[in-house]
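The chain that follows stands alone, in the form predicted alone, written as C-alpha cells.
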Amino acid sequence: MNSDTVLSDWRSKALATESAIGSAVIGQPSLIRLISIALFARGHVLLEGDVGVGKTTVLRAFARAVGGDFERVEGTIDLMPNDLVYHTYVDADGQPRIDPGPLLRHGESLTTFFFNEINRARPQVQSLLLRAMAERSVSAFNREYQFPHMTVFADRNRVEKEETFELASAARDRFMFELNMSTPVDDDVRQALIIDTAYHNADTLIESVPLAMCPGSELNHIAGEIQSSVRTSPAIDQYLLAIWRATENPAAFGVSVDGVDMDRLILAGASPRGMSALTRAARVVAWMNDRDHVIPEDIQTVLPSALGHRIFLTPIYELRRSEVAPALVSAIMNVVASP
C-alpha cells in the first residue's frame, strides 16, 4: 500500500475518532479537533478549565481511542518524584517490596499518561515529568526506560489556587498545545448536558468510543509520513519567520495591545521548539483537510494554542497572562501579513 493510500485511510480514522469523541463530549468540536491535531503531530496537551466542564472525560476518551496501555496519576501536594518511578510496600510475608511505578510498569507499550490536576503536584514531580515528555524516557534501577509511543495529557484546575504550584515556563513549553475548555454556550447543548441522562455517566460515555480506533503504536510512523508528505512554500516559510520575529519584538511589527507598554512586554519570544511545534501542527491541519501543502489558515488554526503559552512576559505582565497573552497572539495574527 503506497503512502498516499495509507495517509488517506488514516485521515478517515482521525475524522471517525473525532466524530466518536464528539458524540461522547458534546459542544466541544474545536477543542476535540485541536487535541486530535496534537496527537498526530506527536505533541503533549495541557488542558485547563473550570471545575466540572469535562476535561478528564475528553482526555480519557482520547486515551481510549488510542488504545494501548494507559496510566493515570492524580496530582496531590504529597506526591513525590519517586512515586512516578517505583512503588514500595510490605508483602504478605512481611517483606519489603519495590515494584515499578506508573511510568515504568508498562514499558514501551505505554501510550497515554494522564496527569490529573498537574498544578497540585510539586515542582520536583513536574521536573521529572519534563524529561519523560521531552525524551520519552527516564532512568531508574540502573537502566534507561523508553516510552516511544507515549503521549502526555494533563489537565489543570484554574479555579482553585490553594495548595497548587504554577507550572514553570520550561514545563509549559514541553506541551505542544495549551488549551482552554470552557462551558458550552449553546442552549441545546446545555439542556442535553443537564437533562439527558446519557451525559450523566462519564464512564459510559467513554466506553461508547470504540477502543483503539487510532492505534497509538502506529502514530509515530503516521506522524512521520504526514510531516514528509505535506510541504510548505517559500512564502509560508517567510510568514512563519515573521510570526517568530513578532513574538520576540511585537512593537517592530506594529503590534499593539490596549493598556500594554509593548516595549516592556516581552521577556523572551517563542523558542525554536515552539516554532517547530507550530509548523508540525500546521502540516497536520493541512493533512486533515486533504491537502499536501500548508496555507496561512492552517497556521492560524493552531497558532494561539501552540504559541500563547510559549511567549514569556516580563513579571509585571506575567501576572496578567490570561488576559495579555491571548490578546497579543490575536494582534500578531491580525498584523503580520500572510501570503
Partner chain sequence: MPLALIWMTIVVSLLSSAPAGSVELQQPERSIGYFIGDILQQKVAVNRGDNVVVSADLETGERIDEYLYRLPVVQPAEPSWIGRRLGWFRHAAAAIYDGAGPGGSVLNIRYQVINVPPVTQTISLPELSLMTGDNESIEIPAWQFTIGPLSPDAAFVHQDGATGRQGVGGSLKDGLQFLPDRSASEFFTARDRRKSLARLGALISVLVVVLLCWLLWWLYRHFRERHILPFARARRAIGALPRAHRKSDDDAWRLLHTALNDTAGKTIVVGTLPDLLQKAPWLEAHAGDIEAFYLASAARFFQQRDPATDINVESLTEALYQLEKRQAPTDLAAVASRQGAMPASSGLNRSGNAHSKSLAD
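Numbering follows the first chain given and starts at 1. Note that the structure is a prediction, hence the values are computed from the model and not measured.
Below, we turn to the form predicted together with the partner chain, even though it does not appear here.
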| item | value |
| --- | --- |
| Candidate site 295, 300 and 338: all three near the partner chain in the predicted complex by heavy atom within 4.5 Å | yes |
| Among the candidates 254, 224, 123, 107, the residue which, in the predicted complex, approaches the partner chain to within 4.5 Å (heavy atoms) | 254 |
| Contact residue in the predicted complex, chosen from 200, 264, 231, 190 - any heavy atom within 4.5 Å of the partner chain | 231 |
| Any non-hydrogen atom of residue 333 within 4.5 angstroms of the partner chain in the predicted complex | yes |
| Interface membership of residue 85, the partner chain in the predicted complex, 4.5 Å heavy atom rule | no |
| Exercise: residue 268 in contact with the partner chain in the predicted complex, heavy atom 4.5 Å | no |
| Contact of residue 172 with the partner chain in the predicted complex (heavy atom, 4.5 Å) | no |
| Which of 179 to 187, 109 to 117, 164 to 172, 231 to 239 sits within 4.5 Å of the partner chain in the predicted complex, heavy atom basis | 231 to 239 |
